[in-house]
Structures are given as structure tokens and as C-alpha cells.
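Two separate entries follow, structure 1 and structure 2, each one form of the same protein chain as C-alpha cells.
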Structure 1
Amino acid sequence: MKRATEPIDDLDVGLQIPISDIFDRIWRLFVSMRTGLALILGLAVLSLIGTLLVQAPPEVKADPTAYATWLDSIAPKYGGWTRIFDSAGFFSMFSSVWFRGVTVLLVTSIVACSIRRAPLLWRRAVHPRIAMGDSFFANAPLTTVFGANSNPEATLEAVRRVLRRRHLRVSVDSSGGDIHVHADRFRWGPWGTIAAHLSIISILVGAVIGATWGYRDNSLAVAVGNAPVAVGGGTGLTVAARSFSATYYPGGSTPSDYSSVLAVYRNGREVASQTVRVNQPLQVGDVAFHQAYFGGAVAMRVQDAAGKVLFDEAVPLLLASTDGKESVGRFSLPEVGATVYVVEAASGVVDPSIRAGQAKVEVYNPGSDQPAATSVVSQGQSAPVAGLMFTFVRERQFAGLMVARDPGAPLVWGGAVLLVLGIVLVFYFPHRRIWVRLRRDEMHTTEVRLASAQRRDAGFAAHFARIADDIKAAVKAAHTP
């Protein structure tokens, strides 16, 4: 609410920068709390819009035809607004020019505020203003005045003792006629705002670094038993799944746990190996391997008429047929220019044409959308399809991994820690300051005035009153020698 706000030091007198040129104007704009407030609220509004409107997945956004289809699919929901929201970029709010623009302005404003504030906070902490004028003592929100029976020097000693006992730092200025005392505690508390503000920048910079130089693969399927698969993003790593296991809750299809044993190689040498489950990723340097999903795989061997092995790997069944009744895997045979689909009945589905323990093989020639030949093969058996010999070696499983490398993460986590510490510092260690003025009166006794200008610290008034009582009691006990 409105409280008396006498200027205590430079922090409170406002800006005294001449607005002579454009730079000063811009500077003033960015250091203004009003601007800062508008920017924070602006970011809140944009985020809210981004929460309320469905957001296009990034991979859809990257593909114009997929995006057009996606827009059609949401058009019934937003009607005529679809086009407007789309041209405003609201369906990818968090990468939109609005969101990025406001974020950049906010960062600028935070930097400006911190640059302006840091030297002032430094001065306040290191060279506080000790001698305050009469009007300050008359108008401060917290004041008290009483007489002491001793001279100012003796009173000072009593005051000093009380303040010290209350863990306040005491600075004295007796250069004028009066003795002025400045006592404070937690003078580094306000630096929490600087920490909190810089932490936001650290987090945002970390996020930008992660988005720019990081790498992410949300679906890397690694079938058990296969040779190591290359991890992208210039990591130079390969990964293999040694085993996989899943357990289910009784009577249901809800997995209670699933895990795979992964081995990671660099230049063919194993560098790490671990059991990976959903909450237990494998970390290799700055690359993390997360267990994300899983499914069945079919170990398949293909030989040509001469018996030469063209393919011998487990094929993860990553795809589902449109009716959801079949799980489908795919691989290609470059030597004969064919693409092969391996189809099994989805788990829990009874399909008389592909029974449990069987897989259907479909061979497609390039440019054709009809299979050249198909055949159902049972586990452990072989069947000729399109002039090739297909062997269904055995059922396997695959581990679906999410691989992420985020070079910005340390800045993000460091920033998060700094943010929390900064906020705690500001709120729980507020800079508490008290001024005392000791003025000799005609009787060679002393008029003691206490004042404080605490504004946003509700608990301080009571604290101030206790200190005032202590000082009163102490100066009563003190006598002029």
C-alpha cells in the first residue's frame, strides 16, 4: 500500500539519467520496472495462449504437407479462427516470433536492471549512508524517540552493545555535531535479486544452447541380439541391447516394469553398460539413453538362391497396421532392390491367418505398392518368397530408446539452483537497517532517535520495537562517568 517512502539512498531517488539521446531513452525503458512488469505479464499471456490452443508437434510443423493435414484436422475445433491463429503463429507459440521476441526483450530488461542495480546494492552493502537528515527521522515509517541520562558517547556504547548483541553490523559517523549510527544485518540479502535475475538468463541461455547444439532422437529402436546401432548427432557412439524384460500386473496389459541391458561403444570399444529402465537412464558423458517404449522383433535370415546370406538381423516391429490388429516391421534388401515387410498379429489379437509364433513376409519390388510375393513362416522354419529363402530364426524384443545430448543442461540446472537460492536469500534474509541519532541536549544528556525505513518486510516492525526496547533499557542503565 502507500507507505512513506523517503529517499534513503540512490536506490530510492529514481533515475537521474539525462534523456538527451536515444540510447538513454532505450536504457530508461529497459530499466523501468513498469517495462519489466509488462514483459513478464506479456510472457504469461503468450504462454497461456500456448496452453489453451493445441500446439503442432515440431515434426509436423517441419513438414508442410503434414502441417496442412494437421491444420485440417483441428479446423473443426477452431472454425474460422484456425487461419488467423495459424498466421499469427499461435499453433507453435513457443517457437513463434512473439514468444521469442518478448523473451529477448525480457532478458534485455533483466540485464539492464541488474547492471543498474548491482553498483547501487554494492554501495549500500559496503558504504551505507550513515548520517541521515532530520526529515528522514521525522518521516520514516518506523521511528521512536526517548531521552538518555548519559552523554552521547556513553549512550553510544550502550546502543552499540545492544545492536551488536542482535547481530547487527554497526557503523558510526560522529563527524557532525550529532553521533549517527547505521546498523544493519543481512546486507547481502538484496543480492538475491541479482542472483535470481541472472539465473533466468542462465536457464534461457542453457535452453538455447541445448536447442541449437543438442541432439535428440525420440525413437531409436534397438533389437536384442543385433549388432550395435549407430547413435546420431555426431556422438560417435553405437548402442546394443543385450537383453530385454518386461513384467506385467496380474491380468492386465499394464507393464509394471520393463528394462533392457544396454551396452554403448565408441570406436568399437565398450564404454558403458547398464540396466536401463524408465526412471533409470544410462549416461555416457553428456549423452543420456532413456528406456521409452518396447515391442516385439522378428529375427530373420534371408538367403539368395546360391545360399548367400543377404540379411541376418532382428527386425523391430515398430509399425502398427491402420486397424491396430497387426504389428509390422520393415527392412530392405539393397542387393536385390526389394523392401520386405514382416507382419505379426498384434499382442492379444487372434488372427487365424497369422497365428502365434508365425510371421507373414511380404516382398515389395521398387515402385510397386502390391507385394510381389507373400508367405507365412513359422518360428524356426524357412520358406521361399520371391526367389529368396526366408528363415524366421526366432522371436525377439526391441528396446525403444530416447537418446538425448544436451550441452546446455549444466547452465539450466545451475540456473535453477541459483534461482532458488536467490529467491530464498531475498525473501528470508531481507536487508534490515536501523539508523540511530544521538544528540546532546542542554542538560548534557542525550536525545536518542531511532528510525527505519523497512517497507516490504512484515516481520520487521516487531523486530524494530524489540530493539528499541532493548536500547531504552540499556541506556537507562548507562550513566555518564
Structure 2
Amino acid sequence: MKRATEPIDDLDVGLQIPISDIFDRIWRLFVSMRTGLALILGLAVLSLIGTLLVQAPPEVKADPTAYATWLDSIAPKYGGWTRIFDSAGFFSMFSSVWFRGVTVLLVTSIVACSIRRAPLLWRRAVHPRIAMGDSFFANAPLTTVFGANSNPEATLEAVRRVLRRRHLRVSVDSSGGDIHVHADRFRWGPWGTIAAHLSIISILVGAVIGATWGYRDNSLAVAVGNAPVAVGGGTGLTVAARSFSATYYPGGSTPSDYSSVLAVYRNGREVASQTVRVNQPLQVGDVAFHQAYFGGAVAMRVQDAAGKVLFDEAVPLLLASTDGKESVGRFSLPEVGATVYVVEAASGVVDPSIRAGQAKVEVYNPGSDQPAATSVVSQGQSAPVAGLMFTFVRERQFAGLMVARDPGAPLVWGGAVLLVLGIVLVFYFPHRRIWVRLRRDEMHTTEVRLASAQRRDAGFAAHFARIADDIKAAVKAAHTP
């Protein structure tokens, strides 16, 4: 028969941790001020990394090929750290798992602290403690004592009148031998800390929502007169530029103002139209269209040998040659599987091969880095290139737009309003509390003690002294034999 053995000491006993103890430890971790400060520091460090390192544009992150090309372009700057930073998500810091994780932990910590603090603030505001002991009156930062030649009841009425004249809420407890008075003002002021906590939560959540489900395109080029261009990002919108205008400072090189008349469409129906400037965007729901830059465009018509029009739009000259002497635009001809580059001399540059009013056309076949055919076309004229007929219709302008869709923006703005409200409540409406105790002494007069534990209100000491002087005068006037 096998005999049961008993554990020699506690080391032989299996580890047993009550579930309640686990939750208690987690709760104390999140309500700890050290935890909150550590998370704020961690978020600040991640934000600093995201600010110092180049961040991948949103339109690049959505295209693996474009992202790989972008990584190659920044490799000379970061050297061997490029792949390490990429693997850690540092080039997309504000949408990385690190940033989101720390944000979630910080929000959880703030919520826990608010839940812990709210009941205390509620009790102070609705059910304040009226009776205080001798040690409080002896050790309070602000305290004074004097005698009154009147009975406690008459003294109480004088005290009550003074406090109410000072716009203080007065509560009285006379259940014991002494009469205790609690007076306060701005009892909802401390709730400004809760408002500030909620504001931080709202801002952080709004930022995460914007980084996760938002959309931003900093280089949407819309040529004047072209068909509406798809905005992308799941917005379901298209945008067209009806006109463009620019004014220049004396000398003609620096623009003093430029604007575009934009029309936005949804399902082919116009939903908004407005003149857009740098600081005057067009807002369509949660999508904003900002005027960011502008440039020249070449209106080009392409026809095949049968006369069928394959392309008839203005091509924005968004790119530049490596030497900066040429402005380049690009478009595709899927019907023939070719890519076409349109080249003009850059503004202020004289190019003997491309004179004013001319554009060079280069046609590339798939997989080739050398043009299959090139030709210089004058404005208003046509020229055959690679079996196609290219017509340089005219020069136009394009509007460079920055399109931003931020579904978290209302939360961020709401959080900003809450933050201002919380600051105003905390600093301009501090909760001011005074306790008064009336006790009949051995000489059959009334001992009046005033005290306040206000520590962080610099102007309250003088206010407390004035209230004490007013009570002394009122009690003296209420003298009863």
C-alpha cells in the first residue's frame, strides 16, 4: 500500500495565486503614478523617433513595390540601420504596433486612475465631511481661533451669514456636543482633472483611429480641364480642377497667392465646389482638400494608326530630371502596352533641344529602360512616334493637392476642448474648503476655530484671513449676555 507523504515545508506546495490577487496586482500597476509616467515617457520616446526618422508617405506604404523603392532611396542616409529600422516599424512609427500598444496601455492607465479618483471627488462634492477632529484644527496649514461672547447658536447664525455672503455652500452638523460647519465653493472644480484625463484619452484614441483608418495623399495632381481624378483611400470621391490662378511678387518668380476652383463628385454627382487656397481647404465630410503646390501640364492627344483616340488629357509635369533642367510627366497607354514620358525645359532654363512651346515625347516598351522612339512636338502640331500620332494640344496648369481623411479628428478636437475646460476648472475654480468648530468653553463663551487644508491655492491664504476677520466682526455684533 502506497503511503501519502506530506510536504516538508511551503516549497513543496504547488504555487496557488488567487484570481482576485492577480486582478488586484494588475489594478495597482495601472493606477500607479510611476506606471503612468513610464508610459508617458515611452510614448514621448516613440514620438521623438517618429519625428527624427523619415516616415514613409501613406501612398508609398500601400504599394510594396513603391515602398521597396523608397527604402532604397533612403538607404544612403541610414546605411546598415535601414533594414533594422524597417523591421522595427520605425519608418511607420505612428501606425506601428509599438506606438499603438503604448497608447492602449496609457489609455488604460488613465481610465483606471480616473475610475479610482472619481468616487472620492463625488463624495467631496456631494457628501463632504463636516466634523473634523482636534488634530486637524491643530495642524491645518491655515487656522485661527478666537472667543465669542455669545452662545453657540447665535454664533452659528453669524458664521452662517458671513459664509453665505461669501458665496460658500454651508453644511452644519450639531449632532455631538460641538457644532461643526463645513463651507466650500467651486465644489466641481476638481473634476477638471477628470476632464483633463478624458481629454488625453480622447486625443490618443483619435490619433490611433486617424493613423489606422485615416488616409493622406500629399501629391494628388489634378490638371485643369481633365476628367475627374479618383481620390482613393476608400473615399469614393473624384475631384476635378475647373480653373487655376496665381499672382506673383514683383520680379515674377515667387507666387504671392495661388488658388484652384475644385469640384468634388460622388458617383458622378457633384457634391461640393469651392475656390481652394493653402489655408482655405475644401471640406467634404471628413475629407479635406488642401492646395499644396502647382505646376505646368501638357495637354496631349494620342491616336493609333486607325485614328482611334487612345489618350486625350493634360499630363502634369510632376517629375524632374536628375540635373534639374527638365520637367517630366508620365502616362500609360494600356492598349499598346507602352509608357510615355513628356518632357519640357524647366522653368527659367534654356534647352536648345526643347525650345519654348515644344515638348519632347519618349515612348518606352514594357521592360525596356531605353526609349523605343522619341520626337519633339510643337504646340498645336502633331508628330508620329512609334506608330502613334501625338498631338501637343496646349499648355495648361495643374493643382497639386494634399488630401487628408481623418476619422479621428472629431475626437482630437473634442479632447482639445475638454483639456481647455479641465485646465480652466482646475486653475480658475479651485475647490476652496473651510471648517469651523463652535465649542462652549469653561467661561460659558464660545470658542470659534477656523481651519483649511488648502495647500496649492496661493491666493487663498489672504481670502481665508478676510473671512476670519468678517466672522470675528459678525460674532462681535451678535453678542448675547
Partner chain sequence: MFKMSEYSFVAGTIAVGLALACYVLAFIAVRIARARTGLVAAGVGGETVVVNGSGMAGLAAYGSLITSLALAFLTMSLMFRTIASGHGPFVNMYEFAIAFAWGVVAVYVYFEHRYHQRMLSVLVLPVALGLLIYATMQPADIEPLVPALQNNLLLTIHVAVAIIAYGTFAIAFASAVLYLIQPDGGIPGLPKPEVLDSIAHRAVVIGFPFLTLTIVFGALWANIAWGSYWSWDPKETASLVTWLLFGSYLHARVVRGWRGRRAAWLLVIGFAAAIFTFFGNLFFGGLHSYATGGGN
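Here the rigid core means the biggest group of C-alpha atoms that line up within 1.5 Å when the two forms are laid on top of each other. As the structure is a computational prediction, the values presented were derived from the model and not from experiment. Residue numbering: structure 1 sequence, from 1.
- Between the two renderings of this chain, the form predicted on its own is found in structure 2; structure 1 comes from elsewhere.
- Comparing the chain between the two structures, the hinge between the two rigid parts falls at R116, out of V264, T391, A75, R116.
- Once the larger rigid part is held fixed by C-alpha superposition between the two structures, the smaller part shows a rotation of 13 degrees.
- Its Cα shifted by 3.7 Å between the two structures, V104 is reported here after superposition on the rigid core.
- The two forms, fitted on their core, place the C-alpha of A38 4.2 Å apart, compared between the two structures.
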